[in-house]
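Single chain ahead, by itself, as structure tokens, in the form predicted alone.
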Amino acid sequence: MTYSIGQVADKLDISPYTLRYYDKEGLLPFVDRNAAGRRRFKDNDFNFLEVIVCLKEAGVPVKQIGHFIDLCMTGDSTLHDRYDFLAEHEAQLEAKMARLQHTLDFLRWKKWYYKTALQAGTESIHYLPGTNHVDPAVHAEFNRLVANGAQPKDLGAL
């Protein structure tokens, strides 16, 4: 069975423009064209397309995705290179996710901080006596609540 660019775009939840861009950048060397020059995608093309979409969502630059597709098109002699490519990008994505988790944790802490300040009617409840510095015990209390099973996202809900 063959698919038009619109059908593929719908199936992958991306725009036809994006697919055309990927083709222009050399990411779709496996796609056939009909006599009128229109792209005709095959069932097997979805294997490559899913990899392309995944790598793009992981933040891999288009040029590097193109290099990976070239490796795939070369065949089994590049299996090790492809494995190394994916391992490298997996590590980069895990590091990015860790940074984002840290950011989310901090945002939830501050949300809880402001929720409790709103409930008290003042931010000063969080300060060390006689200062405008946050008492480390306040942050420790938030961490204790989370450690005891409170859902961080719910702690800041009003």
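For the two forms, the rigid core is made up of the largest set of C-alpha atoms that agree within 1.5 Å on superposition. Residues carry their position along the shown sequence, with the first being 1. Here the structure is a predicted model, which is why all the values come from computation and not from measurement.
Keep in mind that the form predicted in complex with another copy of the chain is not shown, yet the notes after this line are about it.
Verify the contact flag for His89: yes if a non-hydrogen atom of it lies within 4.5 Å of a non-hydrogen atom of another copy of the chain in the predicted complex, no if not.
Close contact exists here: in the predicted complex, His89 approaches another copy of the chain to within 4.5 Å, heavy atoms only.
4.5 Å heavy atom contact, Leu28 and another copy of the chain in the predicted complex
No, Leu28 sits far enough from another copy of the chain in the predicted complex that none of its heavy atoms falls within 4.5 Å.
Spell out, yes or no, whether the shortest heavy atom distance between Val134 and another copy of the chain in the predicted complex is within 4.5 Å.
Taking the distances in the predicted complex, the answer for Val134 is yes, it comes within 4.5 Å of another copy of the chain.
I'd like to know if Arg39 sits close to another copy of the chain in the predicted complex, meaning any non-hydrogen atom pair within 4.5 angstroms.
Close contact is absent here: in the predicted complex, Arg39 is far from another copy of the chain, nothing within 4.5 Å, heavy atoms only.
Which residues in 76-108 have a heavy atom within 4.5 Å of another copy of the chain in the predicted complex?
In sequence order, Asp76, Leu79, His80, Arg82, Tyr83, Leu86, Ala87, His89, Glu90, Leu93, Glu94, Lys96, Met97, Arg99, Leu100, Gln101, Thr103, Leu104, Phe106, Leu107, Arg108 come within 4.5 Å of the partner.
Aligned on the rigid core, do the two forms place the Cα of His126 2 Å or more apart, comparing between the shown form and the other one?
Comparing the forms between the shown form and the other one, which are aligned on their rigid core, His126 does shift its C-alpha by 2 Å or more.
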